[in-house]
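First, one chain by itself in structure tokens, the form predicted on its own.
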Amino acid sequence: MKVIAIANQKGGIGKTTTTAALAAGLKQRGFKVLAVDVDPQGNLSTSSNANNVELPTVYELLKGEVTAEETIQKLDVYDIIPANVMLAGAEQELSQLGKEQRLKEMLQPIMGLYDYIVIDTPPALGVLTINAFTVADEIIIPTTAGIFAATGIKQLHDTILKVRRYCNDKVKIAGILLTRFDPRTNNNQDMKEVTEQLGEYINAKLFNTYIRASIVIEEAQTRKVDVFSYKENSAVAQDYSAFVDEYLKGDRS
């Protein structure tokens, strides 16, 4: 059983898309998968067609008002614990004592039901992201090939080191995934080299697979289906499928 957090404090780099594709890809390969949305924007929940309005969400879970079992919604694509904008208040509402451990404590009873739990985190390094890192075995960092995105990875790494020191000494970075990548441009190729060097600096590999930019992602999210079900032969679906295979190969080695 493995818990994977998908994280980058920079927005717009394909974090939610990667969470959904990884969870859906793992489910397609026969694994029992739970996606957990801890982003107050609730984009993973909405694009997965989960009900994050009338049913309990991760917000109530973190406050201890419901159990994990009561928040799980069983969808065709994967099981999910959804989120909505109410989660934005969690930073202030969670009590100080042990607040970084709250998600781990609440997920503990259902961990044995799944092979993989994949967590989508907010574009910030606050208490919600720390909660995800505290329960995670591994962190995958999606990023675009840009200088500001690369700079953000250094800040993210600093946070991971603090989590290792105080909350979860076992968490590691599974790798960095380039998203919205165009291999035909010199700038993207240059930035790929920069990202690779940064990965070496923080002791994290750059996945061989990269994800090309595609309108198919937005179309699938609008229709509230996963990218594989929507257009499995599209370039981006093939990219994400290759990424899932590469991740699993590394997971088994």
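From 1 onward, residues are counted along the sequence shown. Owing to the predicted nature of the structure, the values given are computational and were not obtained by experimental measurement.
Only in words, not in the display: the form predicted together with a small molecule, which the text now covers.
> Just one of 59 to 67, 28 to 36, 214 to 222, 190 to 198 has residues with a heavy atom within 4.5 Å of the small molecule in the model of the complex, so point it out.
Careful reading of the contacts points to 214 to 222.
> For the three residues Pro183, Gln238 and Val244, verify that every one has a non-hydrogen atom within 4.5 Å of the small molecule in the model of the complex; reply yes or no.
Not a single listed residue reaches the small molecule in the model of the complex, so no.
> So in the model of the complex, does Gln41 come within 4.5 Å of the small molecule, heavy atom to heavy atom?
Yes, Gln41 is a contact residue.
> Does any part of Gly152 reach within 4.5 Å of the small molecule in the model of the complex? Heavy atoms only, please.
Answer no; every heavy atom of Gly152 is more than 4.5 Å from the small molecule in the model of the complex.
> Is Lys231 close to the small molecule in the model of the complex, meaning a heavy atom pair under 4.5 Å apart or at it?
Although the small molecule is absent here, Lys231 would stay clear of it in the model of the complex, with no heavy atoms inside 4.5 Å.
> So, in the model of the complex, is Leu22 in contact with the small molecule at a 4.5 angstroms heavy atom limit?
Output for Leu22 is no: heavy atoms all beyond 4.5 Å of the small molecule.
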